[in-house]
Structures are given as C-alpha cells and as structure tokens.
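Before any questions on binding or motion, here is one chain by itself as structure tokens, the form predicted alone.
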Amino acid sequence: MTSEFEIKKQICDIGKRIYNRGMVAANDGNISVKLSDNEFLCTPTGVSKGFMTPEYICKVDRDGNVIQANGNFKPSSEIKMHMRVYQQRPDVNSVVHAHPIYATSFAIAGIPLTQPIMPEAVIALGCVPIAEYGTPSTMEIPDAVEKYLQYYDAVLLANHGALAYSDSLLAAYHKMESLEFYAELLFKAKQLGGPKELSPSQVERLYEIRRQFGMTGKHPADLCPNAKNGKSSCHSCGGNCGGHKAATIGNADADLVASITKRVMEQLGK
C-alpha cells in the first residue's frame, strides 16, 4: 500500500509536470487524491504547482474542511469542485484541474471537443463538453460541472480551463495531457483547412477496441443508448444521444435518430 507521504510526492511530481508543460501559469491549477471516503489530499492555494514539496500538501474531509495543513498553507479554493466529482463519481480517485492553452482556448471560444479526429482521443476521451461558466471558488462551478460527470471523464470549463478525473492520479493527469494534445491537433488542423473526421464505422471499431481493453471510466462506447441496444454508438451523445444539448430527448426522438443513423450507414455501405 502506497504511503501518504509517497502520494504527496506524486502530487508534487504531477504539479511539476503540468507547470513545465505550460498547462498552468503562476499559482493556477489544483490537484487532489482520494485517500478514503472522508480523507483527501489536495494542493494548497496561492502556490505554484511547479515548486511544491510534500509538506505543502493539505488534507481535507469530504466537506472540504481542513484535517491537516502545515504553516500558512490552505486548501485550494476550488476544492468544492473536486468534492463534487468525488460525490458523483465513486470510481474516481483523483482530480486534476489546469489551464492548458489549447483546451482553454476552445473553452473560451465556446467550442466543445467532439470531433473524432484521431484514434487515441476517440478511445481515451470520447469527447469533451463545455460546462457553463461559474465564478471560481464558488458553488457555481461544481453545480455547472455536475450534470456532465456521469457521461464524461473530462470537461472544459467555460472561460476558465479544464477538468480531468480518473481512478488514479497518473490516469487523471494523462487524461489532461491527452485532452490538451487533442485540442492542439484540432486547432492546427483547422488552420490547414479543417480536419478530416473519422467515419462513424471507424469510430465504432475504435469503441469496440476500447470495450475489448476493458477500459474504466465513462465513455460513449459504454453509455450511448444505441450501443446498449446493439446499434452504432453516437460519438458525442454522452449517454443521451446528443450530450447535454439532448438531455431531454424522448424515446421516440431517440428511435428516430437511430433510424436515420441506420439509413445513412446503409447508404454509405457501412
């Protein structure tokens, strides 16, 4: 079993990684790790994530109250957002929040990352929606993020940054790294005239690979109602065949979408 001190060292290492990769500036960003149902380690507020040592790391309970903190260190003011993720996703053991340049640019422009442009992004992330803007350090951000937590493993924060979470600290960081790489590729492809997206059949084959790997987390390959009914998955449905924009879609509309998709696929000879 990994000691608490070792986990603190790992948090500091990930902090250096996101700082050195330009995913945060100055004192931006925050990281947390779940120790138990009522104990969490988190980065302190007002400290550069690139220069932390283990004694900087704070411990809080599930309500964000301080259990242990050294000197003048205080938990990140964004701990409320982290706690909401842990409350809604029992499978999550770590949360990483950063401001990666390309991903945050899409968040500022109001463009979600839903285009299937490369196999790795399709398999690892599926797609990434944008949570509505909320004032930092308030309950507005946790409330905005909550509706996406059951359908996605990463979320853009409107005019703010990005949030990634997974069953381990390294996996959560990797999702953030993959998210930024995906955003950079999409941005540059748009400068070259626009990306050539993978076809629905190509996406479905990648989803099948993901299922064969037994990958954890939330993903259209597993959540899409079409997939559960033996039909082709919708890449950006997030479990609702349309994601957050179709949260109120009815069964009749879902059947219509599936029917149209089937016809299109037949015409394409897929």
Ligand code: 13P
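Since the model is a prediction, treat every value here as computed from it, not as a measurement. Numbers follow the displayed sequence, beginning with 1.
What comes next is about the form predicted together with the ligand, which does not appear here.
This chain is drawn without the ligand; in the model of the complex, the residue among 55, 28, 39, 208 with a heavy atom within 4.5 Å of it is 28. The ligand in the model of the complex comes within 4.5 Å of no heavy atom belonging to residue 80. Although the partner is absent here, residue 84 is not a contact residue: none of its heavy atoms lies within 4.5 angstroms of the ligand in the model of the complex. Not displayed here, the ligand is approached by residue 76 to within 4.5 Å at the level of heavy atoms in the model of the complex.
Using a 4.5 angstroms limit between non-hydrogen atoms, residue 89 is distant from the ligand in the model of the complex. Looking at 142-150, 122-130, 188-196, 93-101, the stretch with residues near the ligand in the model of the complex, meaning non-hydrogen atoms within 4.5 angstroms, turns out to be 93-101.
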